[in-house]
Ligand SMILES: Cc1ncc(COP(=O)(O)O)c(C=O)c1O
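What follows is one chain in C-alpha cells, specifically the form predicted alone.
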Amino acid sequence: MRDRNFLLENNAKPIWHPMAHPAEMRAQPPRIVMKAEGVHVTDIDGKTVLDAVGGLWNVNLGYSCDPIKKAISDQLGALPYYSSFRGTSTGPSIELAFELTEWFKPEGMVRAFFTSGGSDSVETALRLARQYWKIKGQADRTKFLALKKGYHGTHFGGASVNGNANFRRNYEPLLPGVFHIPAPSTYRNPFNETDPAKLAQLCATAMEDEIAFQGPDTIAAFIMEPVLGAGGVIVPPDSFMPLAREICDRYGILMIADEVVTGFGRTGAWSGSRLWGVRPDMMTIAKAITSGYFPLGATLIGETVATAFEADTSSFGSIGHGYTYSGHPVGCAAGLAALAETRRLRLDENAAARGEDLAAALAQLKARHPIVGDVRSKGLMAALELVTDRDSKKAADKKTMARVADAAYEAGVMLRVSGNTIILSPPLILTSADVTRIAEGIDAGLSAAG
C-alpha cells in the first residue's frame, strides 16, 4: 500500500463517495479507516474507536471472525469463481441456498436467487413480482405500494419504491406506477396520532384507500422494511405489518419484506417478519449474510411465487435476469461460515439483550439533553432524532449534527448521521460494557452541541 502522505493527499480526490457531495468531500476529506478488530476500527492517525455503525448495518460478527476469513481463503484456493448462469452450479451456492431456505422456513421461504447485495435483491424481487403476474395471466398488475421514509437501495426500481426524496429527486423521473403511504411513525405522521394501535389502523386504512383508488387488479406488490432503517429507525406498531399482510391477502397483492438490514438477528429476532409474526411472499437479504466480509445478497421466494414459476409451461416462467456474481462461490462460502457463527453465538439473543441495555441508556440521554427529540430502537438498531426544541420538533441543523459526530469520535465512538438523526447499528457481538461506551460517546457529542 502507498504511504500515509499519499493517502492523505489523495483522499476524496480520485474517488467519489456514495451518499455524499463530491465537492464537500474534497473540502472536508472523510476519515481514513485502516484496520479493525472486534468492535473497534482504527484510523490512519492510529486512533481507535468503537464502531457504533457496524460498517453499514452489516458487520454483525465484528471484524475478527476467523471462520469467515478461513472459508474465503479456502474457497479461493479451490474455486475462486464460476458462473451460476444456466448450465452450471457450484457446491457453496447449492449448500448456502439450502441453508437459507432452512433458516427462513418459518417465514415460508422455499427458494433463493443470489445477488451481489441489497439493491440487487430488491431489484430482483420487484422484477419477479411483475413476472409472477404475467405468469398468472394478470399482466395489468404492474404497480407497487411502499412506505414513505422506506429505503430499498439505489437501483432504479429500488429508488422508485424508496420513500425519501433525498434518494429520489436527483434521479427522477423514476419508475412509474409507484405509490407511497404514510409511514407508521408515532413521532412524525400526518395524523398527529401518538397511540400506536390507532396509528397502525390509520396507516392501514390509507393503504386500503390507495389500493381502491389505483384498482387492486393493477397492483403487483407492497414492499416494506419490517423496521425502517435508513429512514430513521422507525419501529412500526406491533400490529402494522400483520395488518398490511391481511390487506395484501384480501386484494391478492404480493408482500415483499425488505430484510436487508433486519435479517439475521439485528432486531432480536432472526428476521423482522418473524418478529411481527408475518409470512411474506418474498424476502430480500444481504449485509449480514457474510457479515460484510464479501458482497453477497439473495432474494428469497415463498411457496406461492415459486409454485407459479415452476408450474409454468410458457416463456413467462423463464428468468431473464441475473448478475455475473450471482452465487459467487467465495461469497457463498463466506455466507456459510457467517451463518454458522451467527447461530453458534446466538446473535439474535445478544441483540435483544444488549438492545434493552442500549434503549435504557438512550432514554437516560434523552432525559439529560433537551436537544434529543425522540429515541427509537428495536434490538441493536436505534436512532436519536435531534431537534432545536421539543415542542416544534424543528430538526437540528447540519452543523449541529457534525459537532455531535465529531465530539463523539474524539470521545472514542464512531456514529452515523443521517439528516437530523443519529443512527446506531453496532455489531451484534456487542457487550454491556460496549453499550456503556457508546452511551458515553453520544453523551460527549450531545454535550458539545450545547
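In this text the structure is predicted, and so the values were computed from the model without any measurement. Start at 1 with the first residue shown and count on from there.
What follows is about the form predicted in complex with the ligand, which we do not show.
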{"property": "Candidate from Phe144, Trp133, Tyr151, Tyr293 lying within 4.5 Å of the ligand in the predicted complex - any heavy atom", "result": "Tyr151"}
{"property": "Option touching the ligand, based on a heavy atom within 4.5 Å in the predicted complex, out of Leu100, Leu347, Ala129, Val260", "result": "Val260"}
{"property": "Segment assignment from 195 to 203, 74 to 82, 252 to 260, 319 to 327: heavy atom within 4.5 Å of the ligand in the predicted complex", "result": "252 to 260"}
{"property": "Contact flag, Asp281 vs the ligand in the predicted complex, heavy atom cut 4.5 Å", "result": "no"}
{"property": "Partner proximity in the predicted complex: Gly118 to the ligand, non-hydrogen atom cutoff 4.5 Å", "result": "yes"}
{"property": "Partner contact for Ala125 in the predicted complex: the ligand, 4.5 angstroms, heavy atom", "result": "no"}
{"property": "Lys287 within 4.5 Å of the ligand in the predicted complex, heavy atoms", "result": "yes"}
